[in-house]
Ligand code: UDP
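The chain below stands alone, shown as structure tokens; this is the form predicted alone.
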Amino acid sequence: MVIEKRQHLGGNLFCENIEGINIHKYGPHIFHTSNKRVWDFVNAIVPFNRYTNTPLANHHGKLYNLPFNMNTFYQIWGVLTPVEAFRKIEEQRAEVRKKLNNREPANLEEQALILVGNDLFQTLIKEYTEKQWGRKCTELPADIIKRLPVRFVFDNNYFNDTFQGVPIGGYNQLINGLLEGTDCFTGIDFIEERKKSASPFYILNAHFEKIIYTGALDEYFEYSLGRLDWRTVSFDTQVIDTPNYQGNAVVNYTSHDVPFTRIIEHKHFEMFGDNVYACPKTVISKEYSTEFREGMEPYYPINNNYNNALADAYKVLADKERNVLFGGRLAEYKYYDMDKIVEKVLNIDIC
């Protein structure tokens, strides 16, 4: 039995069809993995296409390729060879090391500067990160950005994984295949229903041998130890009367003068080349990052010292729940890529 709080199945993977285009309603999801077992598992349910994630960054009207690679370095400095690009980055990193007097970076800004230097930081990291987190880079912990992909080749593929794509026909095909033959109830709030003695779901904890809970960790325990902090996002989705709005699925906006963090053009996840013109309209979503407030959907855990300690305290309580497994981003207060969750489930022992 599956009990879903929302009015649809699939959680954040849910796709809404508008103008014949599958809209990633809760933000773009690109499945990528190097685990062949995971890839074969999901493709056994629905075949995946060949979508490759190649996002762009728009900084004050100028476009840059992501992740940082030779195309990016050419766009910023006009360098033509990996040796020139490496020398440029190393010069700027050396200046930062001198200012820090070889001490460890104390915040995200110092960590990013020590990794890629000032030009890349100011153009593509600083303001975008501050929009994402709602805090200055000097107020964010260094470990958020311990690694940045820097490639001295002309390769715009964001991921290094062996396999990458999007389900043909959208993620609903994957969800429907996973849940085939399963009793599913939508629009049911498990936390609220278990309090009501008259509810048919009241006895769930006692009736089933195992419950997999994927909601918010602190909510399950009625915030008895305090509330965990989250970041959330909202989307302004628009139908545009043109077949091709920005020519790419994802364009990040990396300066403060634009309030949203990125624009998603959904048709590019499944329509390639001239096929985008077969559909005369397009659908875009502007994504805004905001601080979580009660009643909003929690998206990203804020894994600072305070929240990690609080989450650990809740996990002690979770370990005492006789028949409940706490799994996923919300229930573990941990960010997951999709393939890592599939891999975890394939290996889990629920006995």
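Here the structure is a predicted model, which is why all the values come from computation and not from measurement. Residue positions are given as counts along the sequence shown, with the first one as 1. Definition used throughout: the rigid core is the maximal C-alpha set that superposes within 1.5 Å between two forms.
There is also a form predicted in complex with uridine-5'-diphosphate; it is not shown, and the following applies to it.
Peer 1: Looking at uridine-5'-diphosphate in the model of the complex, is some heavy atom of each of Trp77, Gln122 and Phe154 within 4.5 Å of it?
Peer 2: Heavy-atom distance to uridine-5'-diphosphate in the model of the complex: none of the three under 4.5 Å.
Peer 1: Does uridine-5'-diphosphate come within 4.5 Å of any heavy atom of Leu178 in the model of the complex?
Peer 2: Result no; Leu178 lies far from uridine-5'-diphosphate in the model of the complex.
Peer 1: Might Thr129 be said to contact uridine-5'-diphosphate in the model of the complex, defining contact as any heavy atom within 4.5 Å?
Peer 2: Judged by the heavy-atom cut-off of 4.5 Å, Thr129 is in contact with uridine-5'-diphosphate in the model of the complex.
Peer 1: How about Tyr288: is it within 4.5 Å of uridine-5'-diphosphate in the model of the complex, going by heavy atoms?
Peer 2: Tyr288: no contact with uridine-5'-diphosphate in the model of the complex.
Peer 1: Can you tell me if Tyr300 lies within 4.5 angstroms of uridine-5'-diphosphate in the model of the complex, counting non-hydrogen atoms only?
Peer 2: Tyr300: contacts uridine-5'-diphosphate in the model of the complex.
Peer 1: Among the candidate stretches 239-247, 216-224, 140-148, 81-89, which one is within 4.5 Å of uridine-5'-diphosphate in the model of the complex when only heavy atoms are counted?
Peer 2: Among the listed stretches, the partner-contacting one is 140-148.
Peer 1: Quick one: of Leu66, Met70, Leu310, Ala318, which gets a non-hydrogen atom within 4.5 angstroms of uridine-5'-diphosphate in the model of the complex?
Peer 2: By the 4.5 Å heavy-atom cutoff, the listed residue in contact is Leu66.
Peer 1: Which listed residue (Phe163, Tyr171, Tyr158, Phe190) meets the criterion of a heavy atom within 4.5 Å of uridine-5'-diphosphate in the model of the complex?
Peer 2: That would be Tyr158.
Peer 1: In the model of the complex, which residues of 254-293 put a heavy atom within 4.5 Å of uridine-5'-diphosphate?
Peer 2: Heavy-atom contacts to uridine-5'-diphosphate in the model of the complex: Thr254, Arg262.
Peer 1: Take the rigid core as the frame of reference and indicate whether the C-alpha of Leu108 shifts by 2 Å or more between the shown form and the other one.
Peer 2: Leu108: C-alpha displaced by 2 Å or more between the shown form and the other one.
Peer 1: With a shift of at least 3 angstroms, figure out whether the C-alpha spacing between Arg147 and Phe86 grows or shrinks in the model of the complex: closer or farther?
Peer 2: Their C-alpha distance grows by at least 3 Å in the model of the complex.
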